[in-house]
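Single chain ahead, written as structure tokens, the form predicted on its own.
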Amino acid sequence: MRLAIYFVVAAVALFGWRFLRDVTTKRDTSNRPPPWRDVRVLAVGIQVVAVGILFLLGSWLWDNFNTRTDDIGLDPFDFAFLDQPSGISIADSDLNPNSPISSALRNGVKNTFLTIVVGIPLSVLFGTLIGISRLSENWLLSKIATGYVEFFRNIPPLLIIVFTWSVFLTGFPPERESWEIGDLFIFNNKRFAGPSIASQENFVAYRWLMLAALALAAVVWVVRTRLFDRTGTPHRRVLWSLGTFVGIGVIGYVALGQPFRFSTPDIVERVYEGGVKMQMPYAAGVFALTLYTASHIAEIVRGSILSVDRGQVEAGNALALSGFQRYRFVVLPQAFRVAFPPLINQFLNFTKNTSLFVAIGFAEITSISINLFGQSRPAPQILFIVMGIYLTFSLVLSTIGNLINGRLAIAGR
């Protein structure tokens, strides 16, 4: 019935649109074909029918879902449950079973974000080095890089993650026999710990000062770059920007009366005090996923380097540039113009593959959602939230990648 009503309304609207178009444009309709032979009418009609079918299909699925949930006694499709106790605990966090579900999900988003923000740059760096190594004139280095790519690229990422987790778990000592390096680092099969900074008085003001210093360093970078473009004077923008940032940091540290102190880690009765901690599942997962993603990025980089005109390489040789300088100033800037669009896809794949960390017990968003299922929480709503989170991550990465790609693209004439 819904389908019949929709098609009647769509047909009336379509004929009305055709009539209004003729009236407003004052066209001669004497020689015009009938509606069922008019190409424009047919094109619009097909799209209207497709939208209608999709809408009705979605409506049928929604009604079927509501009927099924009512039959088995599930809660209505709302999100009031987010304020209920989660019933789970998360390692290295302040959350406990009495914390709300929304807090648990936020913690999962934070852990997923930390995985992405560390893993993607490492994958690009490592993949670039492997891609360059595959083109090396050194036979041994080239074959090792080729073997690496062929090995990791053809193994499912889940197996690499589980294998790396097993190696880390057995390769490091138990907590009571932790390796300690000069009171600065602690390594065991549960966590890694290292030095960090601990806030003191005026730390908030110092943090805002450093944000301003970072903005000023960016301005210095732009100014030095424009000076080089205009006069040819060596820009040395890294040294100038870093000097600006460090100089303001040192002056602010002294002026604000030492707003932070360095904190080193220690284990007191199996409790970590001071420093910064990193869970073993996080380290193993990021390392494994970096190895896998870098094997794909290496092939993208290799193909992009081969796309650079050989005359560019010969020009670099004619200028007596070293191998590093040739790649740094001639080859890689041109290669990454070609490589960046497919690299965006690898960034998205890395983001989605973080869901595989559920196999090693790391509390990213998928792992937390599965634990919530075990506490009899409504699965459809939680899955809807988790899919929305991954979609948001992917859209943000795509947007940033497209902006960077637009900056890298060569402007046409």
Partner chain sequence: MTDPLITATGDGVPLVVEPNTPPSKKLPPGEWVKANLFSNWYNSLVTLVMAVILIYLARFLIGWAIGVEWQITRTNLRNFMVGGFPADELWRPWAASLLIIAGASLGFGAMSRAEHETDVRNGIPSTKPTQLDLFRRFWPIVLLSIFFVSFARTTPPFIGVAVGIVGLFALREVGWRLPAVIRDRGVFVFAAFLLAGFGCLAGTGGLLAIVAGIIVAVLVSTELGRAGITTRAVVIAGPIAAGLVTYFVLSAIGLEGFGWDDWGGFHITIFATAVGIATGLPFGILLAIGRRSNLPVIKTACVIFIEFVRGVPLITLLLFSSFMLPLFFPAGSDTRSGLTRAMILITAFSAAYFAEIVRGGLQSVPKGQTEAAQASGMSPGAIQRLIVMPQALRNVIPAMVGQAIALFKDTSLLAIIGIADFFQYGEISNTQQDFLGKGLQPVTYTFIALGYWAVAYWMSRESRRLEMKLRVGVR
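Only the largest set of C-alpha atoms that superpose within 1.5 Å between the two forms is called the rigid core. Because the structure is a prediction, the values reported are computed rather than measured. Residue numbers count along the first chain shown, from 1.
Heads up, the form predicted together with its partner chain isn't pictured, but that's what we're talking about next.
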item: Contact segment among 178-186, 134-142, 83-91, 193-201, judged by heavy atoms lying within 4.5 Å of its partner chain in the predicted bound form; value: 134-142
item: Touches its partner chain in the predicted bound form: Lys277 (any heavy atom, 4.5 Å); value: no
item: Leu403, heavy atom within 4.5 angstroms of its partner chain in the predicted bound form; value: no
item: Close approach of Phe113 to its partner chain in the predicted bound form, 4.5 Å, heavy atom; value: no
item: His296: touches its partner chain in the predicted bound form, heavy atom cutoff 4.5 angstroms; value: yes
item: Whether Val109, Thr290 and Leu397 all lie within 4.5 angstroms of its partner chain in the predicted bound form by heavy atom; value: no
item: Selected contact from Pro174, Pro121, Pro156, Gly257, since only one has a non-hydrogen atom within 4.5 angstroms of its partner chain in the predicted bound form; value: Pro156
item: Among the candidates Tyr272, Phe151, Tyr253, Trp221, the residue which, in the predicted bound form, approaches its partner chain to within 4.5 Å (heavy atoms); value: Phe151
item: Residues in 48-63 close to its partner chain in the predicted bound form, defined by a heavy atom within 4.5 Å, in order; value: Ala50, Val51, Leu54, Trp60, Leu61
item: C-alpha of Ala50 moved at least 2 Å between this form and the one not shown on rigid core; value: yes
item: Met387 C-alpha moves between this form and the one not shown by 2 Å or more, core aligned; value: no
item: Per-residue C-alpha change between this form and the one not shown, Glu314, threshold 2 Å, rigid core fit; value: yes
